[in-house]
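Before any questions on how it binds or moves, here is one chain, the form predicted on its own, in structure tokens.
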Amino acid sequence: MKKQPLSVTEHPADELDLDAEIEKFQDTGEKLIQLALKKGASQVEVGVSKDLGLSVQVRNQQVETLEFNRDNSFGLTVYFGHKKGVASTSDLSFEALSETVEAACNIARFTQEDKCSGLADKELMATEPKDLKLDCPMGVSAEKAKALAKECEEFSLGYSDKVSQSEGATFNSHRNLRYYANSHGFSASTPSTRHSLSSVVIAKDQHGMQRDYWYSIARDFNDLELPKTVGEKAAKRVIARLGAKKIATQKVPVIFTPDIARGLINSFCSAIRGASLYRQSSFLLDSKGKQIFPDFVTMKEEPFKLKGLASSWFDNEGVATREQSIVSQGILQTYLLNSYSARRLGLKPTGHAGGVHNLSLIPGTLSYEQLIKTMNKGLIVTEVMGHGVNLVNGDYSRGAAGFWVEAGEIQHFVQEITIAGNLKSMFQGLQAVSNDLDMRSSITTGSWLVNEMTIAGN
């Protein structure tokens, strides 16, 4: 019988029989691994993902989009010795999956050998499953989702007469089932959820118009900020941008707010990732064990954090993750390596296939307001534009906007400027990290105060 479309009272995740899906993935994964081995593969790994979701966007209290998502993906990697073949499909029928196995095997047979290719070593596989509370299905109806988005937008528009229009408020709710298995015998399923609420608004005064936003994201719907909070934060942020003035070109201290500082940590992680290192394309080559940041900086990885946005007890190769310090007292403790990059570098995998798992920079004791007073005069960066980050030499140049500070007080909004420096010197010139942690990401930090950067203005 053909399934009827979902009604507005349903959520796609309501129809997911989790136990049945996990059992099906495990059975299918094992059959496909055995099929590939029979065709001559020496090693095999499979990954399956099923995503069910609901997304609602409203604008001026009218529903602009209402989407129900059902996405499937299947990826297979086979190794014939050190020859690698990869194939994927979105059709999860056994016939289509069998054809995908055949395609991967054919690719591998005609691929050039790479001595570093292959699964991560069997002894590195994770063996201790952990319930990290990542699956918190909400089961919200489309009607409830629309109400949440409308309420959020209403609080944005009603906050002040200066908020002239809305570019939309959006609510998303998704449930994902990820399965990974390989021919070492590793097999694991991870169900997870992610909910988010956001508002984008425009404010206007005699000097012109400004646009800004706010959002909240969490595994558990109950951990989201309230529609009132999200809506009013978006409004406050956009109003603060009104009355922008220009500044002269100069060198001054710079504060990066947490969401922008997070981007600096991303660049740091990219520079210590295995692929950047073995390609000799990182400004942090040969930096393990060396002082990268001031000694007050410690960055901890917490893969077992309950409800964490990047929590996992195994990485994308089945290697066990572990709690560790990536940076301790400013000194780089480890690179971020999957099995391939580890072999290229003559090192051991670190459990970072797929990236870092919840990285937190331990904050200092200063509040955001105290950090501004400590800076006294300089620029607060709240927005960056462009892709001006060179990981080879560390040069950093981005279009930016933010607030000008004098005598420890915010004076006015600044836009149409460029900030420039070098990441290595910016890391070493980090003066303080405040305690205004932004928890809306798998990378958590407070605001950064950097001793000096070049600001290109008038």
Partner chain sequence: MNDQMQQVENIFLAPAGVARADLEKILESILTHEVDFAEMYFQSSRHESWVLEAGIVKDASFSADKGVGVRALSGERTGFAYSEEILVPALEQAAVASRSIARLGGNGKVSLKVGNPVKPLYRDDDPLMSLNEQEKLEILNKLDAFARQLDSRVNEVIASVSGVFDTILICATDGTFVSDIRPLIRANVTVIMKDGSKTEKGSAGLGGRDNYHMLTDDILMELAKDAVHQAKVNLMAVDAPAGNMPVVLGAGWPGVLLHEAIGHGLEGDFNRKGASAFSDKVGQRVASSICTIVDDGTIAGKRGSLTIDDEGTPSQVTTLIENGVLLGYMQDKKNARLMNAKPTGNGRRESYSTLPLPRMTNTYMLAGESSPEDIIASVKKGIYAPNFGGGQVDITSGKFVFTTSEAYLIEDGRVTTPVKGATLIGNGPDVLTKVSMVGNDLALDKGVGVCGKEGQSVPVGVGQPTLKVDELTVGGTN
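Keep in mind it's a predicted model, so treat the numbers as computed, not measured. Numbering follows the first chain given and starts at 1.
The same protein also exists as the form predicted together with its partner chain; that form is not shown, yet it is the one meant from here on.
K.L.:
Kindly indicate whether F68, M209 and Y340 are, all three, within 4.5 angstroms of its partner chain in the predicted bound form, using heavy atoms.
P.N.:
The answer is yes: all three residues contact the partner (heavy atom, 4.5 Å cut-off).
K.L.:
Might S397 be said to contact its partner chain in the predicted bound form, defining contact as any heavy atom within 4.5 Å?
P.N.:
Yes, S397 is a contact residue.
K.L.:
Answer with yes or no whether A87 is in contact with its partner chain in the predicted bound form, where contact means some heavy atom within 4.5 Å.
P.N.:
So A87 counts as contacting its partner chain.
K.L.:
So, K424 and its partner chain: in the predicted bound form, are they within 4.5 Å at any heavy atom pair?
P.N.:
Outside the cut-off, so no.
K.L.:
If you check in the predicted bound form, is A420 within 4.5 Å of its partner chain, heavy atoms only?
P.N.:
Because a heavy atom of A420 falls inside 4.5 Å of its partner chain in the predicted bound form, the answer is yes.
K.L.:
Of the listed stretches (404-412, 429-437, 39-47, 55-63), which one has a non-hydrogen atom within 4.5 Å of its partner chain in the predicted bound form?
P.N.:
Selected stretch: 55-63.
K.L.:
Under a 4.5 angstroms heavy atom criterion, identify the one residue in G243, G158, G139, G388 near its partner chain in the predicted bound form.
P.N.:
None of the other options qualify; the answer is G388.
K.L.:
In the predicted bound form, which of the listed residues (Q280, N222, T127, T365) lies with a heavy atom within 4.5 Å of its partner chain?
P.N.:
If I apply the 4.5 Å criterion carefully, the residue I get is Q280.
K.L.:
Looking at its partner chain in the predicted bound form, which residues in 419-458 have at least one heavy atom within 4.5 Å of it?
P.N.:
Counting only heavy atoms within 4.5 Å of its partner chain in the predicted bound form, the contacting residues of 419-458 are A420, G421, T454, A456, G457, N458.
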